[in-house]
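In the block that follows, a single chain appears as structure tokens, in the form predicted alone.
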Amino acid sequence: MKKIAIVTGGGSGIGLAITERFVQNNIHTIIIGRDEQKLCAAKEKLGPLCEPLVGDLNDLASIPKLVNGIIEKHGQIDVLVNNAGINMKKEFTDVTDEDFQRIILTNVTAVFALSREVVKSMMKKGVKGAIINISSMASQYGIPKVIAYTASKSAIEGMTKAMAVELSPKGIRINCIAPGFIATDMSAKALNNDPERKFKALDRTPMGELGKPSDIGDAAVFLASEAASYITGVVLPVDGGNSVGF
């Protein structure tokens, strides 16, 4: 039976790369995002196994209905990748309460709410499922001017471990990928505009180059597969050694 996966923010960057790898492995993948154009372009590129679904996960009240709609159409959900997230670069003292809450809502609360509804469906259907959260090197060490993002990704890693302990006895594995410096449109813009930061990033990456989005896709396919059936609660850095570099 074909597996059914959800990838949030699957229309671009790392989310698109994960979706591409899933589709190549014959997993029917539903990509959720707010930008219909991006989602449809992804479907155009990846074909019938990629299914766009426009939804705003910040609207927490809409999430149960969204998940139920997928269950009604496909019968079950086997894999959830919580990839959607937002960042904001601001001096610590300039971050308003609203700024902070906005990042936490998207990067933590919405991830929790969607995971909860998907887990309910997995338990109800007796699915041996896999949930993959996407963290960041920002949770591994301090990076200036991204306080809310750092807090959100640290929360994701803590949630991954707590979820794994509670849900793994029920047959649902929870793991996390912490990408390093990956060459996406977003990171390329940031690094190319800041040569000093780019040098610093590459200088402390033992493999000496930026990662590719497909590197994260490969890790996600592995963690979603039977090959990872005894792996749960891990935070896997995919970073060319950056997190251990000097």
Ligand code: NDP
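Start at 1 with the first residue shown and count on from there. Here the structure is a predicted model, which means the values were calculated and not measured.
The form predicted together with this ligand exists for this protein as well; it is not shown, and the discussion that follows is about that form.
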Review point. 164-172, 93-101, 76-84, 124-132: which one contacts this ligand in the model of the complex at 4.5 Å, heavy atom to heavy atom?
Key: 76-84
Practice item. State yes or no: in the model of the complex, is some non-hydrogen atom of Ile32 no more than 4.5 angstroms from a non-hydrogen atom of this ligand? Key: yes
Point to revise | Contact flag, Thr150 vs this ligand in the model of the complex, heavy atom cut 4.5 Å | key: no
Review point. Could you tell me if Gly55 has a non-hydrogen atom within 4.5 Å of this ligand in the model of the complex?
Key: yes
Practice item. Would you please decide whether Thr205 lies within 4.5 angstroms of this ligand in the model of the complex, comparing each non-hydrogen atom pair? Key: no
**Study point:** Heavy atom within 4.5 Å of this ligand in the model of the complex - qualifying residues of 106-133
**Key:** Thr106
